[in-house]
Structures are given as C-alpha cells and as structure tokens.
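To begin, one chain is listed below as structure tokens, in the form predicted alone.
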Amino acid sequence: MATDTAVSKTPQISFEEFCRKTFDPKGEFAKPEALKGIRVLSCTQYILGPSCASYLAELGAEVIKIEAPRRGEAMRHTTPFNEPFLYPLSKYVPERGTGLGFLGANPNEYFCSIDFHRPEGQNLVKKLAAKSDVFVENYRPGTFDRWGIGYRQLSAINPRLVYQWLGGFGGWGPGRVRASYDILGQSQGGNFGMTGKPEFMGGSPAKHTIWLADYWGGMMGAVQVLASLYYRDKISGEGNFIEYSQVHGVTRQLEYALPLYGRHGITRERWGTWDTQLCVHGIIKCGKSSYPNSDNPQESEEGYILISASGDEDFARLCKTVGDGNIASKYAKADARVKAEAQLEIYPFLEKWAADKTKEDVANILDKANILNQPVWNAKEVATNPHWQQRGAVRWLDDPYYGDLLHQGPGYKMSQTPPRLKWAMKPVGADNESILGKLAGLTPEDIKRLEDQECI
C-alpha cells in the first residue's frame, strides 16, 4: 500500500515535458560519458574513417587524430572556405586554412601529427597503440601492414587492441586494390542505379550532394567497434580485427531491390522524387519562391514540398482540397494510383495547382486539411528552425580555437550518458606536446627535434 500511495503522489508531467527535461542539451555536461576511459587512435583521412572515430568521441572516448605533419590530411584542403585567419591550418603553414568540410567528421578529437612512412614515426605509432583500446584507419588495404603498423604487428604489442579498418572493397577479393570514395561507393554499391529521374522524364542517375556513404559507413564502423569492445571486456579479453567495406555498406541500404531481382528478375529503376509503392507520396514543385526579394539566386528559385496522402481517404481529402473530383474518382483506390501512368497524371496535376503558390502557401493549405506534408528546406531554413535549435540538433559552439561556429549536434539522445559536442577541430599537431609527452615519453627536446625533421 505504501508503494501505491507513493506512486499516486508522484507529480505527473506530460511525456513531452519528461523528454524535454531528460534530454535538455544544457544538461549534457553534468552527466557522465559512456566511453570515458576508452582511448582511440584515428589514423584516418577524408570522411569514412574520421567519422567512425568522431562518433566514438561524441560518446566520451579520448580520440587522438594522427595526421601528416604540417599540412595535415587531405580533407582539410579539398573543401571550400578555408580562410587562414578563421581556421588556421597549423603554425607551420600560416597562409593556409582548413576547409569547412573537415568539421563534420572530426569534432571532440585531440590532434597529433606523425609521418607514418618514417621508422621513427612508426615507432611512435606503436607506442601510442600499446596504450590504446581502438585503432581506426582507412588507407588502402594492407598499407599499414606494409609499414609495420597494421593489425598483425600492433596486436602482438597490445593483444587487447580493437583494430577497425574501413575501405572501399574489403581486404580481399577481386576489387580489393581499388581506391574508393563516397560517390564511387554509392555508384558500385547500387544506390545510383535507382536514384534520380528516369530517362524518359529527362533524368539520369543523381548523386547525393552530401557524403552519405561515408557518414553511414562511419556509423557502421563505430557499431562494430562497440560490439568488439563489449566482446573483449565481457567474454574474450582480446581485441578484434574489423573490416568495413564502403561498397558493401551501400548495398546494405538497397531495401527490397536485391530480393526483387532474385525472385522476379526485375531491376528496380529510378523514379525521381516520387515513390514506386505509394501514391501520393512524393515531392512536387511549387510555382513561387519563398524569398522573392532575395538577391541570392539559391533563394530566388521556386520551392518544393513533400506531400503524403497515400491512403484512399487521405487522397480523397487531398483532391477535395485542390478542387478536383475527376482525379479523385478516377484514382480512388491505391492500386490504381501507384501505377506509373497514373502518377504521370497525378503529380503534374498537383504541380499545376501549386503553380501560383510558395511551398509555405501549400503547406498552410494542406495543414488545415490534415494532409501530411513537409516543405523541402535548405540549410538556412534548417539552421533557423526553432525545433532543431531547442533540441540542440543545430547549435552555436564556442570553439576554443575558432570562436563561434554553427555546428550539428549529436544525432541522438541518451538520458544517462548523453553524447556531446566539446569542440569542432584543432590545427594540425595542436596536441603533439601533451600526447607524445604523456603516452610516448618524448621530452620537449625530442619533440623539437622531430618537428624540425618534419617527422611530427
């Protein structure tokens, strides 16, 4: 009875308020970190490998990013807006900066520089690996093994080391020698074969502007690392050698395309911004810009909006809202609407209705009719949306090196051990003294000598 009474007296709050208090971004740093005490060496470049290590850093792991001395890894130089005064590359190359594309895959990391090609640099890597839990690299298969710092050599020094290798095609098989990157992975993995408009509509395969295969692959690699750490600490006591293929990871995203081919010999093809299984469930073009007075050409173009009314009742309500009874009766049933020839009539009809409206106008009309919709937002609209701001999905970061930066927050919430964003990045070799002094036993004189030799 006492328990029942206690429960009955517990203040009741809404589920929304419970979530708001539990996951409040302002309380992240008052809570423990899930991976605190785990040390990760990130010998990575571009996005695939770095994002894997960075996801672990979000959860509290001590991630040490090792780059080439002075100029760092290539991703710093292959993305735009690398202003040296805002994002200096290193103290050795003051005239160069770091491109903004480097930010998304490298937050929360410590930065050390070592030349992997030199014996003394390789010896430093071995010393660091001896005191680490995880090693992540995404060079061509066998490169680190050839340099004497691959899994076979490092596991002999540290049997508990979890070694995560990420690459294009895997460490064995006919395609293993090929280099890979995001667009190649999506192309060979099968994604582009069904992304974009069909040819008869004037389309072709469409590339994702974001590095989707890289960031997805990094997350999959992080999952492998977490599973290996659990197995090591709970069962085996030993590390693990993990392989992740970027191309295979893309193939894992193909939904029912492979079973469809295997069963019926049908190749799933491109169908633009519409859906092959549901209708209406696609994106239409509106006739007016949301920013008619803007001088920015990216804002002056017409808007787009997703409309989802695939159920028979929803579709009937949509037709009533746009004022057409013929379409409603002709395609009253879902099986009739989903056919290609039906969609070629339905979607252009909806675009004709939206030709004198902005995407916001269309959204307001559909909201009042209780029809699911979502205007297609650009980066500006995402960044200024109060929902994302309140939840910390988009936030201003007071970075200790670079000042105020608009940055993505972690993509998920955890009540007891939340992920968090501490800093965006650092210049090349910013933590050489602390990392190499603490973990490799180098003296200030050693560090000065190796820096002069460009070994670190």
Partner chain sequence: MSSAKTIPWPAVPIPKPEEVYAGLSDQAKDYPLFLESICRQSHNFEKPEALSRLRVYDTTTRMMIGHWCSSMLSELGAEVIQIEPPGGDPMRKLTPFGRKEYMFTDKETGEPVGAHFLHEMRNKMSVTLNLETEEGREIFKKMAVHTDIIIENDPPGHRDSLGIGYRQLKEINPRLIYCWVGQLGQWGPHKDKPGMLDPVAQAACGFCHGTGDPKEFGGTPMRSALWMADHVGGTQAAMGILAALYYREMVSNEGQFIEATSAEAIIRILDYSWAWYGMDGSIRPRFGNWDLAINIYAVNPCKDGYMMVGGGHDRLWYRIWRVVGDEHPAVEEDILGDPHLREVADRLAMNQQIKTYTMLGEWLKDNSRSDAERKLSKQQVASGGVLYVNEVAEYPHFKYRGHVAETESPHYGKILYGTTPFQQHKTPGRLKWMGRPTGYDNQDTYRRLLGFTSEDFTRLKQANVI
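What you see is a predicted model, and the numbers here were worked out from it, not measured in a lab. Positions refer to the first chain, counted from 1.
What comes next is about the form predicted in complex with its partner chain, which does not appear here.
Visitor: Using 4.5 Å between non-hydrogen atoms, is Phe169 touching its partner chain in the predicted complex?
Guide: Yes, Phe169 lies within 4.5 Å of its partner chain in the predicted complex.
Visitor: Find out whether any non-hydrogen atom of Asp182 is located within 4.5 angstroms of its partner chain in the predicted complex, and reply yes or no.
Guide: It does: once its partner chain is placed as it appears in the predicted complex, Asp182 has a heavy atom within 4.5 Å of it.
Visitor: Answer with yes or no whether Thr443 is in contact with its partner chain in the predicted complex, where contact means some heavy atom within 4.5 Å.
Guide: Although its partner chain is absent here, Thr443 would stay clear of it in the predicted complex, with no heavy atoms inside 4.5 Å.
Visitor: Determine whether any heavy atom of Lys197 comes within 4.5 Å of a heavy atom of its partner chain in the predicted complex, and answer yes or no.
Guide: Heavy-atom contact with its partner chain at 4.5 Å: present for Lys197.
Visitor: Pick from 110-118, 123-131, 338-346, 325-333: which stretch has a heavy atom within 4.5 Å of its partner chain in the predicted complex?
Guide: Residues of 338-346 come within 4.5 Å of the partner.
Visitor: Can you work out which of Lys91, Lys352, Lys234, Lys368 has a heavy atom no more than 4.5 Å from its partner chain in the predicted complex?
Guide: Contact residue from the list: Lys234.
Visitor: Taking 4.5 Å between heavy atoms as the contact cutoff, choose which of Thr321, Ser290, Thr251, Asn158 touches its partner chain in the predicted complex.
Guide: Going through each option in turn, the one that passes is Thr251.
Visitor: Output the sequence-ordered list of residues from 410-436 with at least one heavy atom within 4.5 Å of its partner chain in the predicted complex.
Guide: Going through 410-436 in order - heavy atoms within 4.5 Å of its partner chain in the predicted complex - the hits are Pro410, Gly411, Tyr412, Lys413, Met414, Ser415, Gln416, Thr417.
Visitor: Knowing the Cα distance between Pro84 and Leu406 changes 3 Å or more in the predicted complex, does it shrink or grow relative to here?
Guide: Closer together, which means the C-alphas of Pro84 and Leu406 are at least 3 Å nearer in the predicted complex.
Visitor: Pin down for me whether the Ala430-Pro84 Cα distance shrinks or grows in the predicted complex relative to this form (closer or farther, change of 3 Å or more).
Guide: Ala430 and Pro84 sit farther apart in the predicted complex.
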